[in-house]
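This document starts with one chain, in the form predicted alone, laid out as structure tokens.
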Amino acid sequence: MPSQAPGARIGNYNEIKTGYTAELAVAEALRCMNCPGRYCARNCPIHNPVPQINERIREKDFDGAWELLASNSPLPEVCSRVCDQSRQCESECSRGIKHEAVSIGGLERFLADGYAGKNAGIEVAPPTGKKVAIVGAGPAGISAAWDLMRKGHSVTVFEKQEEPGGLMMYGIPNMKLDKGLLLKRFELMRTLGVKFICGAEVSKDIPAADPLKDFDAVLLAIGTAEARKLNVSGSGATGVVQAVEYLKAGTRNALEKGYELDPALDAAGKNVIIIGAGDTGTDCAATAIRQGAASIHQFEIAPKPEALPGAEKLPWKDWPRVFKTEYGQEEVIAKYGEDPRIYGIRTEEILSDGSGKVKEIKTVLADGGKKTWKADLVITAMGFTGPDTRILTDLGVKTDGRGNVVAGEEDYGTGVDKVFACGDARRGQSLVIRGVAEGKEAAASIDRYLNP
């Protein structure tokens, strides 16, 4: 797929990949062998009918291909961009055994871009008179809202942020996911009857009892909002910030006219240390380089992974053992000449100046050596520990030893009458597509509950 070169794209917030033309899409779809095993569809968490979609694309029946995709996927514009298809659908592509796999994600994106915000091929059942409240507008909540709306139920989504989308809106930079596409999706959902109540947090601004008494079913899709904290001396210094806070501010500054970026969240001219070398840390590096950081380093406590043979076939749990250079590291290398990641390093202490601002980080290396780094901005990207417990306590919902909501594997019920849960809040921090899949499954369970 055509893409911006690393040296060019660091000067803008546009998407890195520019997408297929119709001609390129047809050529790529022609590579699909339409094999009878349908392994790609089987390994897709939501089981998109990939071979059938590809067949229609190569016949230039784009409307028919879109109807197949739209009938199954609630967020194709998102999944086509942020899913790692090389370890899901494309990993099972028969073409990929001896050659490069068919670009299933690229073809999905081609369709999603062409039909963004349009009501083509989307059927909605007659109204059932049943009302469902969904708390949380991330991947799981939006997925469930979409399917429940299409089944004819009245759906209201409560979201504490200014806009729906959760981490899709505020945690994934525009370079990976154009926010305009999300806004089109949400506007389409409003047109089809979904109601969004944003900027209001249930159990804080809205009593948890309200949706419980006013709706026939309540779905908790609240994600894992509690970020893992850096427990070292000096971590309270000014300039030590959480990744989600930093990325949200950076996204709003890049896209919203008149939004003033807090200087504490601006990397311009600063020595930036990112604690965490995962996807979120990479997004922070990419944002910092666009803001004009003086230097960027990512700390990872684990040793450097090996470039394992056949790494593209490894299951998701083995991903941390695979050494990859992602888009953010490519950009840092292009500008500064070196990979920002430092492996086998542990933060020991954060030092501040006389005014309380961070100035240095003391670290311990894997070989026992110690090193002090200049730091004007420290971003912690160490994942999340679990969902916000306030609403769970108010509703009497139980949690397990990890703090996740206890909900059934089949029905997603919490044991509290008419309260269900899905997504990261139930299973722990995971992939966007896993949240989408659970949202679909929870929606099906709620539909059965409402129509026994």
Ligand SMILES: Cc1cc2nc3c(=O)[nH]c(=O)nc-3n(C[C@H](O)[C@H](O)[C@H](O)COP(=O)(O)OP(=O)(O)OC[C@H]3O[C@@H](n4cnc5c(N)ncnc54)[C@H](O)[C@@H]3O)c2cc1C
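The structure displayed is predicted, hence computed values, not measured ones. Just count from 1 along the sequence shown to find any residue number.
The protein also exists as the form predicted in complex with the named molecule; that form is not presented, and the subsequent description refers to it.
The named molecule in the model of the complex comes within 4.5 Å of no heavy atom belonging to Ser352. Within this chain, Gln161 lines the site of the named molecule in the model of the complex, having a heavy atom no more than 4.5 Å away. Lys176 belongs to the set of residues with a heavy atom inside 4.5 Å of the named molecule in the model of the complex.
In the model of the complex, Phe62 stays away from the named molecule, with no heavy atom inside 4.5 Å.
Proximity to the named molecule in the model of the complex, defined as a heavy atom within 4.5 Å, holds among Ile172, Ala293, Ala217, Met149 only for Ile172. Of the candidates Leu111, Ala267, Ala277, Val135, Val135 is the one whose heavy atoms come within 4.5 Å of the named molecule in the model of the complex; the others do not. With the named molecule omitted here, the record of contacts in the model of the complex names 279-287 of 279-287, 111-119, 358-366, 230-238, defined by a heavy atom within 4.5 Å. Although the named molecule is omitted here, in the model of the complex none of Ile273, Ile333 and Ile379 has a heavy atom within 4.5 Å of it.
The partner is not shown here, but in the model of the complex the stretch 372-395 reaches within 4.5 angstroms of the named molecule through a heavy atom at Phe384, Ile391.
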